[in-house]
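This document opens with one chain alone, in structure tokens, the form predicted on its own.
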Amino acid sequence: MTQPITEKTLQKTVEQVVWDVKATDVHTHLYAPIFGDILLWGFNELVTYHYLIAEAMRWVDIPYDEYWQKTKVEQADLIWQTLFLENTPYSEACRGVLTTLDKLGLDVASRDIKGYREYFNDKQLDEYVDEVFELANLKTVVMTNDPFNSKERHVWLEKLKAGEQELDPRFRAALRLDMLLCSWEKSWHQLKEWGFDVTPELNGQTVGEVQRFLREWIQIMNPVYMAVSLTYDFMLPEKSAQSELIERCVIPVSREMNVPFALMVGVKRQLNPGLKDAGDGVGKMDMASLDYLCSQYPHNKFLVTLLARENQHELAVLARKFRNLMPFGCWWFLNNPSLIEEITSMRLELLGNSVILQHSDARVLDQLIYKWAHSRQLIAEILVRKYQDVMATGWVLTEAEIRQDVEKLMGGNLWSFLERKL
């Protein structure tokens, strides 16, 4: 046994370990550089993130269309003026921009928007990706990859599958199924054009062809998981194309190919359409659907993150009952310090080390810097309290044991879950 941790050395040890461990970011909307301009990065993208758009539009008295007609630079200027100069930028989204600039060595106090832009303009993307991964201390990020997106599809088929180029191994794929599952009235036409013998009716032939489509793209992408983002009123089972596609196509292929199915549930789509991507809201889901999935398909693996705070306790309890369920991260509107602290503490109390504490959901490369800096700070604070509780009983801890815990909680549990035989 290595040297035991004492009350005096606990906080420093935990903080050091949490900052030292290279994390796996299990869900992002990022892309490897090979995908070109759909990888977003730089000052203007950072400041026009949809969280900041929604926040700024609470202050700016202009029609939404007028905002969208502005150039990206003009949009960034407006948000910077509104949220950073006319107001103190302490919302989590604003603070994230400041943390990112600070970690990159820029003078936040100067408020020098011209200087910030020049800094990013001088960056080479490949080198900048290395810098961001180092600052965020990441091993791997999992992308969101949609075979119905023409730009992505071209890269997968013409560059990667053809062997013209290789994918940066730090970027892993996730096969996104939103278009397939949520818009069957459109997606079946596209499948037909691609040579799949499908009809709008989910007969045996169509089901077999959708399964073939999934198998082919699993072979192409080698995804960590298949994923879908679903509305708060998602129900299973029910008489709908979405329900049938999940049960008759996704579930069998997921089990056959040992590719877990990730469900992200709780969105209210386009609550305010004028805000576009910033206009989605949140709703509480009926957990009976997850109960059904986990019990009906005990040999399938499900990764789950839910958007409503009200669903978090029930999700943790459900995970205690079904080992084929892996909760992960604090998604979207929950990615705020007060809620992260509450949800993370509750999960550790109910599930011990058998969760994935966080993911970034980053849409802009630079966001990895602040989202992981903020998360690590919170994770360290929470773990210190939990270890103090354990040590108060007379239990002895070592640094090696703490490191083992943190490696599991910050992504290691994903990889062990993938290999688990159910």
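Throughout, we count residues from 1 along the sequence that is shown. Predicted model, so just to flag it, every value in this text is computed and none were measured.
As for the form predicted in complex with D-fructuronic acid, it is not shown, yet the points below apply to it.
Quick one: from 331, 232, 261, 84, grab the residue that has a heavy atom within 4.5 Å of D-fructuronic acid in the predicted bound form. The residue from 331, 232, 261, 84 that makes the contact is 331.
Contacting member of 387, 41, 31, 51, with respect to D-fructuronic acid in the predicted bound form [4.5 Å, heavy atom]: Contact check passes for 51.
Indicate whether residue 70 is a 4.5 Å heavy atom neighbour of D-fructuronic acid in the predicted bound form. Outside the cut-off, so no.
Residue 55 within 4.5 Å of D-fructuronic acid in the predicted bound form, heavy atoms: Heavy-atom contact with D-fructuronic acid at 4.5 Å: absent for residue 55.
When the contact criterion is heavy atoms within 4.5 Å, does residue 347 count as touching D-fructuronic acid in the predicted bound form? Taking the distances in the predicted bound form, the answer for residue 347 is no, it never comes within 4.5 Å of D-fructuronic acid.
Decide whether residue 361 counts as a contact residue for D-fructuronic acid in the predicted bound form under a heavy atom distance cut-off of 4.5 Å. Although D-fructuronic acid is absent here, residue 361 would touch it in the predicted bound form, with heavy atoms inside 4.5 Å.
Just one of 349 to 357, 22 to 30, 377 to 385, 393 to 401 has residues with a heavy atom within 4.5 Å of D-fructuronic acid in the predicted bound form, so point it out. It is 22 to 30 that comes within 4.5 Å of the partner.
Can you name the residues of 155 to 179 that have a non-hydrogen atom within 4.5 angstroms of D-fructuronic acid in the predicted bound form? The stretch 155 to 179, when checked against D-fructuronic acid in the predicted bound form, contributes only 176 at the 4.5 Å heavy-atom cut-off.
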